[in-house]
Ligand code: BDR
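This document starts with one chain, in the form predicted on its own, laid out as structure tokens.
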Amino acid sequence: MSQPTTRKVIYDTDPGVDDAMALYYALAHPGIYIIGITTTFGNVTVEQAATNALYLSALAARAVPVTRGAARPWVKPGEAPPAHIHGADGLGNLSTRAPHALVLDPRPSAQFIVDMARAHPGEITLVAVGPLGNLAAALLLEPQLPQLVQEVIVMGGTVLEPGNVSPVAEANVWNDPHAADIVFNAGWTITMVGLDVTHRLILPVSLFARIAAHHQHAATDTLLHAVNFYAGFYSGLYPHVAAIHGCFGHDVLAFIYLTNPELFSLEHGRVRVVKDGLAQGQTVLRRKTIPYPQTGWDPQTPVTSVCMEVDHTGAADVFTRTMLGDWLRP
């Protein structure tokens, strides 16, 4: 497992079960320093997302700044959160929650992103695993943001793999396609970790039971409960997932790309997002250098790196060893 220099990360998220999985991987990994969590609508309302981010941080005894951000899409009507996938509370319908003293940072998420980028120019990586309204809003506040951040990693979109909310669209991009098109074309160093690779990483509930048994900690117990609920949905939808009673490691794969990029194969091209109509939310990757006559594919359109293949066995091994490490306090 590679050991990169510690990276300062703002985690933009809508927790969400796989978001919780990704957060705990990031907190466990010695190469990642989470300097803030920005929250958005998506898997849950933005209010619930912020509540969950605070709670998960408190369980892990990490006083990470948490902000509340985008509550709805930029243009399209909002959708009801998918309670059948993540639970009404986003964490598999927890029966109880332990009290804690963490409170929200009062800044809106977009302002927090801009403030941190200005304070640490060239050092911040944005890992965004929900709808992209916070990043789009931050670009409005600070047009130079692409030059101030080191890298952007987006869990969202798909090129060849069928979508999960339509035949062509992935949920995070579909939830706010206008914001997503802004973000993909802002001109920063950006990588898309979409369904082409996240549907290759299936993590069994038995692994999370092993992690919980190893740590005997409220944080990993909570994660096990949430993943068990989440796996129930995916096991009911995909027979090959049901065979191991597991779930896709969507959001955590964005962090595994950060820590272990050697596990991925990429293509590089211009990505545009379909904003309306039957293909709303589709991420279209220009894969050929044909001089298309239509607008939107001109040479100045920024290039996105797109993950197309992953060593899923290696990724699962990295996740397992990281989560079994010594990262939780008693």
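Residue numbers here begin at 1 and follow the sequence given. Predicted model, so just to flag it, every value in this text is computed and none were measured.
The same protein also exists as the form predicted together with the ligand; that form is not shown, yet it is the one meant from here on.
- Contact with the ligand, judged by heavy atoms within 4.5 Å in the predicted bound form, is confined among 168-176, 98-106, 202-210, 140-148 to 168-176.
- Exactly one listed residue, out of Asn43, Thr283, Thr38, Asn52, brings a non-hydrogen atom to within 4.5 Å of the ligand in the predicted bound form: Asn43.
- Taking Leu91, Met155, Val197, Leu135 one by one, only a single residue has any non-hydrogen atom within 4.5 Å of the ligand in the predicted bound form, and it is Met155.
- Within this chain, Thr189 is remote from the site of the ligand in the predicted bound form, having no heavy atom within 4.5 Å.
- Among heavy atoms of Cys247, none comes within 4.5 Å of the ligand in the predicted bound form.
- The ligand is not drawn, but in the predicted bound form it has no heavy atom within 4.5 Å of Ala226.
- The ligand is not drawn, but in the predicted bound form it has a heavy atom within 4.5 Å of Val129.
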